[in-house]
Each structure stands twice: as C-alpha cells, then as structure tokens.
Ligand code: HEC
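Heads up, the chain below is alone and in the form predicted on its own; it's given as structure tokens.
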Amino acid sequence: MKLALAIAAAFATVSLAGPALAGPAEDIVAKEKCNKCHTEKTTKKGPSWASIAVKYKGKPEAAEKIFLQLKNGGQVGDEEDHKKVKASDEDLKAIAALVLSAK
C-alpha cells in the first residue's frame, strides 16, 4: 500500500511539474498554437524548427530575422503569410532562440 501511494505521489509530482518547467517561449508557443503549423522535427503546414535552424546556421542575422517575422507577420519566402505573435520583444527573442536551437 505504501509503495502504491509513493508511486502515485511521484507520478502526480512529475505530471504537474512538467508545465512548470516550461519557459516563457514554450508557454507562448503553446498559447499562440504554433504547433498547428510547426513542430520541432517534422514539417507540417510550415517548416520544422530544425529545418529553420539548419537554414540559418552560422548566419549572425538569423535571430533578428526570425524575431521580426514573429513580430510583424507577413509573407515568408514562398510560404503563406505568417501571423503576428502577440508577445513582448523579449519573449519573441526567446522564441527565436528556441527555434534556432532545434535539432
């Protein structure tokens, strides 16, 4: 009985701690439903974050370009218009860093 309670308590702690460990970028990505079009590794309606990271690898202007696209929205290459992401500049920069860190 004690073992079952200990396991249940551990499971509940891990389950509830997951969202608390997410940073502001992940919270905004979830709130803005970015995963409808993007995922970390697979292409959906929009490119994966990993493919974006590869595209911009070694380019110093990458974070700024992604930040401006998130802030202003609009056409990205041959793709459909990207919506504006409603967040502070600091949070948008955190999202850009999250995208660029994808593998």
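Please read all numbers here as calculations on a predicted model, not as lab measurements. Heads up: residue numbers just count along the shown sequence, starting at 1.
Omitted here: the form predicted together with the named molecule. The next part is about that form.
S.K.: Is the gap between K93 and the named molecule in the predicted bound form 4.5 Å or less for some heavy atom pair?
M.R.: Because no heavy atom of K93 falls inside 4.5 Å of the named molecule in the predicted bound form, the answer is no.
S.K.: Does any heavy atom of A50 come within 4.5 Å of a heavy atom of the named molecule in the predicted bound form?
M.R.: No, A50 is distant from the partner.
S.K.: Please determine whether D89 contacts the named molecule in the predicted bound form, using a 4.5 Å cut-off between heavy atoms.
M.R.: No, no contact at 4.5 Å.
S.K.: With the cut-off set at 4.5 Å between non-hydrogen atoms, does T39 touch the named molecule in the predicted bound form?
M.R.: Answer no; every heavy atom of T39 is more than 4.5 Å from the named molecule in the predicted bound form.
S.K.: Does the named molecule, in the predicted bound form, lie within 4.5 angstroms of each residue among E61, K71 and A97, using heavy atoms as the measure?
M.R.: Contact check failed for every one of E61, K71 and A97.
S.K.: Taking the named molecule as it sits in the predicted bound form, which residues of 75-92 have a non-hydrogen atom within 4.5 Å of it? Please list them.
M.R.: Result: V76, G77, D78, E79, H82, K83, V85.
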